[in-house]
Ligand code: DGL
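So this first bit is one chain, no partners, the form predicted alone, shown in structure tokens.
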């Protein structure tokens, strides 16, 4: 494989981002790290999140990655500035899609479902302040959702009960946009569609991240020009490779356990 795009997340959630990147850039090789052993990052201290992000970055650089996508809102909001200062490779970060929500809302009320680590970060607060003048933003910590997804319980009654508990109070405030501020949460969209009315738009960051990845590769002339070889995709989990595999339906993906 050529120099791949590196992607990491605190588990399987970032595969929602990988799918968007692969769809937009089908010729690019990728390596994905699922740090499920340390999930969820959102419950950890800023220092712990930084150290885990450094560990993942160094491993992807050892594997010759030309660009690193932090497919984790919490890692982005707490560690991307440090990583950009200390490593030469371009980094793509992810933050909740507050801007598109602010542009689309008609009721001027927006809900954000995210982890504690994202909601308490200065990057999240600065972005929110920048784009939401005259708009009410209701923040809700999705405590326990990442753990349920990491256990493969996406479609369980337990997950739906927890989602109702978190989302219904925001719906009662008349939100018409619900921002998913964690890369695990797009897997909950089928469950969310049972809860939110049709006038509420569910917004995640996946496509925007894929477009930004493409733009940065073009800017640094890093796009893969060898179009005939067929892309390769390596996925590594440090806890449950079978669970990771179940979130992928890619025929050209190799999924393995790796102790990192």
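Numbering follows the first chain given and starts at 1. Model, not experiment: these values are computed from the prediction.
FYI, the form predicted in complex with the ligand isn't displayed, but the following is about it.
- Task: Identify which of 79, 97, 146, 177 has a heavy atom within 4.5 Å of the ligand in the model of the complex; exactly one of them does.
- Result: In short, 146.
- Could you tell me which of 98-106, 164-172, 126-134, 181-189 sits within 4.5 Å of the ligand in the model of the complex, going by non-hydrogen atoms? One stretch meets the cut-off, namely 181-189.
- So which residues in 6-31, when you check the ligand in the model of the complex, have a heavy atom no farther than 4.5 Å from it? Contacts from 6-31: 9, 10.
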